[in-house]
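Single chain ahead, written as C-alpha cells, the form predicted on its own.
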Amino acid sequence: MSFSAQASIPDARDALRAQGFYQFPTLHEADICQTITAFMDGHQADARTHFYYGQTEMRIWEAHERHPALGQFFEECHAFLGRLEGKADPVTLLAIRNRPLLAGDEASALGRWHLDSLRRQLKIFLFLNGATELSGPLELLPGTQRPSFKYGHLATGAFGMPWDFAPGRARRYARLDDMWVERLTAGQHPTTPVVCPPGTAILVDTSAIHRARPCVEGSRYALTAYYR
C-alpha cells in the first residue's frame, strides 16, 4: 500500500501547526524499501555523491534520477504535497546512509542542530530500515517551527546577527550552539526522536530545530524529498 494512501490532509495540517511534523499512518512497501537500500549499497560514488563524518555518512543527490523506485517515491511525495499545499515545488531527492561514527570522532557528534530556513519549509523523510535510539534517528524540537518562537529568538541573536543575513554569509541558524539547544530541550521544548519501524514516512516543517542524531550502532537508510 502507498505510504500516503491513508494520510489525512486535515490531520497533517493540524500536526504541522502544533508540533511541526506529521507521521504517515501507512508504512511504505517493505520490498521497495529493501530494493532501495540494496541500490544504495551498490551505488558507485560520482560527482553527486558526498561523504561526511569520516566517510560514515553517504549522501546521493538527485536520487530520483537513479532508480525507478526512487523516482516513484518522489512522484508520490509531489502528489501528497499537491493535495496539502495546492502545489508542489520540488527541488531534489536525497538518499542517505549512516553508519556508526569512528571511535574517538567526538567532533562529528557536535554541531548538528539547525534550521533549514526561518520560513516554513516542508520535507518528506522515508526511513527505509527504520530507526532506533542508536542508529541516528531524526530528532526534532516540537513547537520551534512556530513564527512566535523563531522571531522571538531571532531578536536575541540566537539565529544570527543582522550582518549574518547579507548575501554570501553563512546563516548561524544552519549550525546552532549545542549548549543553547540543550537548554531548550531541558525546558519547554523536549526533543522528540523519530524511532520507528522500516517504511515509516514523516512530513516535517524543517524550520523547526532538528538534527540527525549521531549513529553509534547499526545503520540508517533514509530518503529526503526537498521542496521550496
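When you see a residue number, it is the position in the sequence shown, counting from 1. Owing to the predicted nature of the structure, the values given are computational and were not obtained by experimental measurement.
As for the form predicted together with a small molecule, it is not shown, yet the points below apply to it.
Which among 99 to 107, 84 to 92, 113 to 121, 145 to 153 is in contact with the small molecule in the predicted bound form, heavy atoms within 4.5 angstroms?
Of the options, only 113 to 121 has residues within 4.5 Å of the partner.
When you measure heavy atoms, are Phe125, His210 and Tyr226 every one within 4.5 angstroms of the small molecule in the predicted bound form?
Yes: each residue has a heavy atom within 4.5 Å of the partner.
Taking the small molecule as it sits in the predicted bound form, is Leu138 near enough to touch it, meaning that at least one heavy atom pair lies within 4.5 angstroms?
Yes.
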